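Only one chain is given next, in structure tokens, and it is the form predicted alone.
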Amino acid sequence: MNAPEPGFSAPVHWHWREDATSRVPYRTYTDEALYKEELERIFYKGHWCYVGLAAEIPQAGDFKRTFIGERQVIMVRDNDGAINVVENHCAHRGVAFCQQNFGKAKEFVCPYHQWNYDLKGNLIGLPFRRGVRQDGKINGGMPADFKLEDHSLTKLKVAEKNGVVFASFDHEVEDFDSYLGEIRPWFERAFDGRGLTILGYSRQRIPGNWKLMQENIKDPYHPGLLHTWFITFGLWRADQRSQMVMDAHGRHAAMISRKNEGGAGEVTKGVTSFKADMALQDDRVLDVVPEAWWKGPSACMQTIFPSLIIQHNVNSISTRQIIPQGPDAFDFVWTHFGFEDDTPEMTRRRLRQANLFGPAGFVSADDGEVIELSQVGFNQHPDYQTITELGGREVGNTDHMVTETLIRGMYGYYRKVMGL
């Protein structure tokens, strides 16, 4: 991990205790200056950010436009089969030249002055570079020392891991396997090298700070309390065998659990979201078939800091990309996928179970709402702080889900990176 740089100083009224990662000042979610510093220190330096799945751009010339932080980037497959990521702004006058989220191109051409770039991001031509002949003389043109190779698009460092593509503006970032650290076996459990198939997308803008979604998927405390579907049907609840695992830095995590039969029990007493008489009119939504690659757990929710969530819950699998939009909003992009060797029946099952998740999902709609309500509370009382002390104040892996250790781990790391 790169050492934090000096430069950002939190105001004294933040009251973030030196020894506490379990008390997070509300201003951490609302302060504009801190947010701008997060973009520089977290999204643009020292970290790998998710940009997509290789299966989204299978052929030469296929591209996808997306974001790292607030900067638009393009993931594109070149004629050699390699995947490149370049920033979406022309080297000439800064125009965001790509206006499509997906497409196919032989080269990229800026609409303003027709500067054109190959699929690796190299400038390969521009109009009137040598000037224009008129009345027996050459008028205009670029200076004699102008070189095409000096004016490429901004090229990012790229890592592809078993079909998942990450990129970084920081070419000194550590290698990707080291970046994953102790979470790597769980990443490779979902992405084991099999070919992927894209099943569909959904997208939402959530009016809350981007870190709240990282917290949400590092928080095993809430699923069996907030989500009626989870506690009632046994998809995720506190009486299941589970593990909470993080990397050595505390930045990445995996919440791992095993489905049970649900129904009434000790963990449902007094829980208003539990609906004992709830029944499905179409039980195919929960037609769960165990798969060999699970190796036991029926759910593994991973957070790859700062921009990716990998969702596996029963037969539904997806990536979820976090794109910050200021201190109080982020875009959340879901890519639902399956495997090339899936049967048609399994593909249909994955699509049905995807109704549990996504912006209007039977489960995930709850998360978007409570994140918005959290942001409302933060703005009302900026001098307060959150409490994340379930399971104690320590940071470490656990073999149960009655804990907030993963959130504490993330904020320990966050404070180091931000120099707080």
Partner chain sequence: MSDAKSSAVSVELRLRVEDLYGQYIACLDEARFDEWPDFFTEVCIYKVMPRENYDRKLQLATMAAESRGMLIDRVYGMQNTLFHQPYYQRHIVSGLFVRGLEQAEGAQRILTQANYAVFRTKQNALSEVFNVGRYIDTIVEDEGRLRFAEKWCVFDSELIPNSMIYPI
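On a predicted model such as this, the values are computed, not experimentally measured, just so you know. Residue numbers count along the first chain shown, from 1.
Form predicted together with the partner chain: not shown, discussed below.
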Report the stretch among 37-45, 367-375, 24-32, 390-398 that approaches the partner chain in the predicted complex to within 4.5 Å, counting heavy atoms only.
367-375
Suppose contact means a heavy atom within 4.5 Å; in the predicted complex, does that hold for all of Y179, I183 and R194 with the partner chain?
no
Residue contact check: A248 to the partner chain in the predicted complex, 4.5 Å heavy atom:
no
Might G61 be said to contact the partner chain in the predicted complex, defining contact as any heavy atom within 4.5 Å?
no
Is G94 close to the partner chain in the predicted complex, meaning a heavy atom pair under 4.5 Å apart or at it?
no
Using a 4.5 Å heavy atom cut-off, state whether D282 contacts the partner chain in the predicted complex.
yes
Which one, H312, H336, R237, K211, lies within 4.5 Å of the partner chain in the predicted complex by heavy atoms?
H336
I need to confirm a contact call. Of M142, M278, A264, I124, which residue comes within 4.5 Å of the partner chain in the predicted complex, counting heavy atoms only?
M278
Just give me the residues of 194-221, first to last, that have a heavy atom within 4.5 Å of the partner chain in the predicted complex.
I198, L199, G200, Y201, S202, R203, Q204, R205, I206, P207
